[in-house]
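The chain below stands alone, shown as structure tokens; this is the form predicted on its own.
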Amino acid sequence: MIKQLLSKNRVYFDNNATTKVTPKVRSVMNQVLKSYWGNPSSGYAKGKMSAQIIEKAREQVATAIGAHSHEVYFSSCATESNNALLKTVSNIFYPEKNKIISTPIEHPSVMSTLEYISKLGIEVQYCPVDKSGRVLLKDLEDMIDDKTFLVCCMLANNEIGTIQDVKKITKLAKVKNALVFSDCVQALGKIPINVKELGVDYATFSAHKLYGPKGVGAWYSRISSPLESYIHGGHQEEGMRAGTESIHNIAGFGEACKQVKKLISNTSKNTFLKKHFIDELKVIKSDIIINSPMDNCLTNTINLTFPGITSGELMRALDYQGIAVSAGSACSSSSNKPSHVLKAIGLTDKEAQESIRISFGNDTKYKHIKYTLKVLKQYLEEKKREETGTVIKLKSQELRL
């Protein structure tokens, strides 16, 4: 067994799964819980104050994505938003139009919803992607026809970090009068987003991906794009989503969005750390495969294949050393199935099951990279000894951050 090198300090490299809530966001949420507990639907002062908190947060989210506040709606998470938009837009157009075109590398909440919709009579087609995960635009153009009412393409992939050219995709769709939906969850806080410039009709977002709380998401719907209610029983969110709002979570989302520009400004740091990590890792293990593209990719995201080592085995070894990484989307991590994203870019089942995802955060430092590389080097050296039958007991040592 590999000797444990770290006991107290933790290295967190799974920021694409979730981020920790910042002190400022926590402070705002605590203040709302303490002072703004009134029902925002009530007409008296205490209720109106709560309603103002929600509208302030709506403005903050809208500002972060380049939208108008009346085009932003709150939900419990991006998964709910993805479900709501895909299902209700389908209801609006079916059966006059019955075709959705998506990509094979979407988030599980989109993939599963599309699978459900397909059983109701909607034809779902998947446009192929290249080995970097980029949509083949000529294929997409050929696939869009008069029956297509929606093109679905995420802005930044959660597993490999690929950034799509959504502007071009939108232009292709608009020529044939198709609407465009984009899951922008992983992009917000990592790259600049302006939904007007992207030209999309619908987009989804989540607070806990940018140092806000879990339990709150949002979707954007262009004012001219069709939309209908999906939770009934109240007038909240302009009648689109009934139910008393989670005011403190919404306020936390708004506060987190105030930091978007600052978060984006830190991407240059992650660019350096990412390049250094990859360069050093190639020295340690020359046959390693880098699945994330080197250009037009999130600067915090690296997907790696370690030939001959299963992702589960490697994740357990790293976790033992205090390093948290993942094998892909957190929403499907309990499944033993190989990643649909990695298979879509050409990896075999075996290669996909030998891959891990590393996603840096705003507080990732060089010392975290250095420590992780030391752990990986020791692990790989010991594994090689075991495979050759020459296991040598490692000398007692302790590495510190």
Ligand code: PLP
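All of these numbers come straight from a predicted model, not from anything done at the bench. Residue numbers here begin at 1 and follow the sequence given.
Although not depicted, the form predicted together with the ligand is the subject of the following passage.
Distance criterion of 4.5 Å from any heavy atom to the ligand in the predicted bound form singles out His107 from the list Arg241, Lys274, His248, His107. Residue in contact with the ligand in the predicted bound form (any heavy atom within 4.5 Å), chosen from Ile169, Ala78, Cys257, Cys127: Ala78. The stretch from 90-98, 180-188, 130-138, 224-232 that comes within 4.5 Å of the ligand in the predicted bound form, counting heavy atoms only, is 180-188. Within this chain, Thr113 is remote from the site of the ligand in the predicted bound form, having no heavy atom within 4.5 Å. Proximity of Met154 to the ligand in the predicted bound form falls within the 4.5 Å heavy atom cutoff.
Although the partner is absent here, Asn82 is a contact residue: one of its heavy atoms lies within 4.5 angstroms of the ligand in the predicted bound form. Of the heavy atoms in Thr19, none are within 4.5 Å of the ligand in the predicted bound form. Looking at 206-222, the residues that come within 4.5 Å of the ligand in the predicted bound form, counting any heavy atom, are Ser206, His208, Lys209.
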